[in-house]
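In the block that follows, a single chain appears as structure tokens, in the form predicted alone.
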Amino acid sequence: MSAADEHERSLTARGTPVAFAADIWDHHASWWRETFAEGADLEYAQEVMPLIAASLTGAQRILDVGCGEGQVARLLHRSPHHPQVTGIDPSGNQLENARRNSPAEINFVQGAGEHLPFPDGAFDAVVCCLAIEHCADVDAVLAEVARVLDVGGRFLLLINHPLYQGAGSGFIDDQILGEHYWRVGPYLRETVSFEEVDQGVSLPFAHRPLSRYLNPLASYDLLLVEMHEPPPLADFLAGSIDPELEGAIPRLLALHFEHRPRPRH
């Protein structure tokens, strides 16, 4: 995609309807399964999945928001605590792949994170793994997560690091000055833009500053209790001209919240 095309399709994120998202994921469902599922992607296999398993140990009623083809749901289902796992996603093709490759005990539901079809307090844990950046109405998603999360429950949110992996950010090799540095893009500017993540595969990504996640969740009494910024895997640094610098720049941010209602006066 050209810079002009990307600029033309860049939108203000807050309140922007991305009704085309389900169609996009339907179209790329086979690509996603082959590229990211069941160990195909090392970052998922070696960083994302172990982090999720460790963070949600002991949970019994787990909701996977934006479950895609279900690999996170399958991971949680294999827990020795035998939790009841539900996955929800707007893409019918992704869910078809999920049901085909998952145990029948996992409940997969077609729907949007902005309108979760579950009662209040239905889950003691919710996970949203690298999916909220593909949602237009982040406020609605977070409000719904808080609503369906029981008191004392846990919410694990995984996103591309908004400071270092946002639009316009990246490694700079300045050959004139002989300097290497990491450029940070317009961090405070909320945008939705299409990025070509593979040949012929362009996906919408919403960039938002960290406060756009933390503040709404705090208003719903979801307290941030732990934050993970794992360093990039060695495989991502193999071709780097400055692995020491790039090794100090996180790709992933994982935020672990607990529902702790505050006394009301």
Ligand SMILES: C[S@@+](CC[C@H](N)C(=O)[O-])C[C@H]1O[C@@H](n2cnc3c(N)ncnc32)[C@H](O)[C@@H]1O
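Each residue number is its position in the shown sequence, starting from 1. Quantities reported herein were computed from a predicted structural model and do not represent experimental measurements.
What follows is about the form predicted in complex with the ligand, which we do not show.
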Does Y213 make contact with the ligand in the model of the complex, using a 4.5 Å heavy atom cut-off?
-> no
Could you tell me if P90 has a non-hydrogen atom within 4.5 Å of the ligand in the model of the complex?
-> yes
Could you tell me if V72 has a non-hydrogen atom within 4.5 Å of the ligand in the model of the complex?
-> yes
Please check if A125 has a heavy atom lying within 4.5 Å of any heavy atom of the ligand in the model of the complex.
-> no
Just one of E114, D150, E195, D173 has a heavy atom within 4.5 angstroms of the ligand in the model of the complex, so which one?
-> E114
Of the residues L156, A98, C135, L142, which one places a heavy atom within 4.5 Å of the ligand in the model of the complex?
-> C135
Within 4.5 Å of the ligand in the model of the complex by heavy atoms, the stretch out of 178 to 186, 100 to 108, 76 to 84, 126 to 134 is 126 to 134
